[in-house]
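Consider the single chain below, provided in structure tokens and representing the form predicted alone.
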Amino acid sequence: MKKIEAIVRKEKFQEVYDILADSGIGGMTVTPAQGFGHHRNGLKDKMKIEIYADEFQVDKVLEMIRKVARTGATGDGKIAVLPLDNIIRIRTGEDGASAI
């Protein structure tokens, strides 16, 4: 299992959300964020998307985000893929892939 964290432009968020929501992923968490990159041109409004995914979903999710969020200009954002040891659904107690 992996955790995918994507920071995208606020104005591209709806497109990213739409393609991910239609893709069949288990769910996502979205948080407004602010940040700057190495150009240090001030804080910019962004959206942070967090997704828990099975290994077989990761490449598909990354490609969808890259395809829709990219403008080619500085500030398009970042995607991080992190290892996920376990996940537990609080309501049912399920863990692992079945909790996604």
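Start at 1 with the first residue shown and count on from there. In this text the structure is predicted, and so the values were computed from the model without any measurement.
If you look for the form predicted together with a small molecule, you will not find it shown, but the lines that follow are about it.
- The contact with the small molecule in the model of the complex, taken as any heavy atom within 4.5 Å, belongs to 7 out of 100, 7, 4, 1.
- Residue 26 falls outside the set of residues with a heavy atom inside 4.5 Å of the small molecule in the model of the complex.
- Using a 4.5 angstroms threshold between heavy atoms, residue 89 stays clear of the small molecule in the model of the complex.
- Within this chain, residue 76 lines the site of the small molecule in the model of the complex, having a heavy atom no more than 4.5 Å away.
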